[in-house]
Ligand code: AMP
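In structure tokens, one chain follows: the form predicted on its own.
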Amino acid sequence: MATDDLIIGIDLGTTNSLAGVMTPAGPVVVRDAAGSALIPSVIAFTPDGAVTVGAAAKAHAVENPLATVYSVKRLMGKGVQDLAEDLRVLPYAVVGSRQVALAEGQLDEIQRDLVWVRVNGRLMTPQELSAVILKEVKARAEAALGRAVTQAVITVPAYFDDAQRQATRDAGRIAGLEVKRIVNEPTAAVLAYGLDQRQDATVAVYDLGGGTFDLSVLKIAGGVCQVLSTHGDTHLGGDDLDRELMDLIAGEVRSRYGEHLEFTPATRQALRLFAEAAKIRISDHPTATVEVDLGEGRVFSRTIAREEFEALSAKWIDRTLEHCRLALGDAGKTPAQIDRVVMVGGCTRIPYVRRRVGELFGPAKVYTAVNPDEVVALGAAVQAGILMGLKRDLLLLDVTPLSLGIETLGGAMGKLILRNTTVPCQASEVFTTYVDGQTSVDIHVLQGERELAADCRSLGRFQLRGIPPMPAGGPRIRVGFLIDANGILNVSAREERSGREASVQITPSHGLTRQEVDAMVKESLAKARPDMVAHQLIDLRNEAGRILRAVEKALINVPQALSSEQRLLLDGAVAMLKTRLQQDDPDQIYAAMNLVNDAAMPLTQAQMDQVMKQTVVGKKLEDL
């Protein structure tokens, strides 16, 4: 296979990201030298401009709270007004373009309310941040495959709207990837699941990730995977369960000591990691204990029982099940008519989630044999294989998740393409003018299920000009919608009597303009190093130096945190890393960095305790 023909599949996740590739033996996930497939979707920035992605960035989030960015996927295609709950707990700064423009006295120039993240004084869009993660996935794939990677299939939640799909495509382009196809995550899961199935079946995919949820109903028959319906929420996932635990811990710390605490960014990062660790432990054990030394003889210790966590999670899981019922209704199916429920996403490891899904569909139907963290990437690799011609016995028929149309006279929503229509698809309808002599028309493109334009989401506007003056009702304006295989919308308008026409690929109100994306791509290319290996070595050595300095600082701050055995293990790992830094093998340096991070985990825990202690000391209700 020529290098240019290679297409990888990428699962760009809220919590973790990874890649898969199709081989003659089937799809496989891409792993690093240590055998790890998952790259935590966490980015850390330093004041000198260095960038770290993945496990190293996550491990030092407490030390670097304002410049460590996570859960970027939840920001994609969103305005600040959409993110009230997230902003309450996020330690890094999220602002809107209108706020930035107002500060600069340029509000009149702002048409779209973009979300930006402020890091070390620099403003970055979620697309740019996602591109940083994609570059790391791309680099890992190139290292593992031994060749350049320039093309990819990227998965998105089935309920991602046009703005979010465009944002994902833009992120890929900024990362130097030609995005050959955008594939819905549940559909990708079925592509992976369906490889080993020899019989026709109706399958539901329950996909509960870190930030999003989807339920898709699909039919597998004769090598064709057809999506019958999909329903979900692009702002519902494991992050919400973490936030419940964070609120519980923070509330009890305040209540127990009669103090109103101001939680600093470092404390919020620590609380998030405590909550995530507790959630994971409760999935395998009946309880999880959180213990924090608050100083002055005060120790906050709390054992969280699985039953308590389930009570906190209930409202979120109830919401997922309501989406399940809606998707079943759209597909014309009952739970009894579903043969299998494929569980996807890390949160489906939680016993309570599996039990509740089993109560709806039947316990025997809940299928957990696939790795919930890897199945989407495997499915993306299958789709990449289909595009490369390596897999010819599967056909993918996906659907659009929301209805699309235009605003008509009186502010109504005129739907041209209904939700759950199989894509690619197209539709057109003839409209006319309502004013004598009208020579132009504004076309307002909408997405949603409501009947009024004001209740639907605006995707964009464009004008058809140059219509010959005619009496009202004279012009025949045919508006056409075309959704390609990626779920991307193209809209055209043509006045049939005069031949005047206009068309546009919708750039949504929360997306980047094509010029903005092109500028970012050019900037990325201009700054790219000609020697990728040398670039990787520079980055790794910078990050290794930061890790070693952090370990030295932690040993001074919390010298009693390690037992003699732990200290011996850490000293050995540090010595190995220092030796590897004198060599030119990126994989060996990366593996040694991971060993140091693992050996330093007790130090990280001790520093979290210290941050909590510093937060509460001297804080009284009347101080705030």
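As the structure is a prediction and not an experimental result, all values here were calculated from the model. All residue numbers are counted from 1 along the displayed sequence.
The same protein also has a form predicted together with adenosine monophosphate, omitted here; what follows describes it.
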Contact test in the predicted complex: residue 283 vs adenosine monophosphate, heavy atoms, 4.5 Å: yes
Heavy atom of residue 494 within 4.5 Å of adenosine monophosphate in the predicted complex: no
Exercise: residue 360 in contact with adenosine monophosphate in the predicted complex, heavy atom 4.5 Å: no
Adenosine monophosphate contact at residue 239 in the predicted complex, heavy atom, 4.5 Å: yes
Candidate stretches 460-468, 87-95, 542-550, 204-212 - the one whose heavy atoms come within 4.5 Å of adenosine monophosphate in the predicted complex: 204-212
Proximity to adenosine monophosphate in the predicted complex, single hit among 249, 387, 482, 350 (heavy atom within 4.5 Å): 350
Among the candidates 233, 142, 136, 276, the residue which, in the predicted complex, approaches adenosine monophosphate to within 4.5 Å (heavy atoms): 276
In the predicted complex: members of 13-33 within 4.5 Å of adenosine monophosphate, any heavy atom: 15, 16
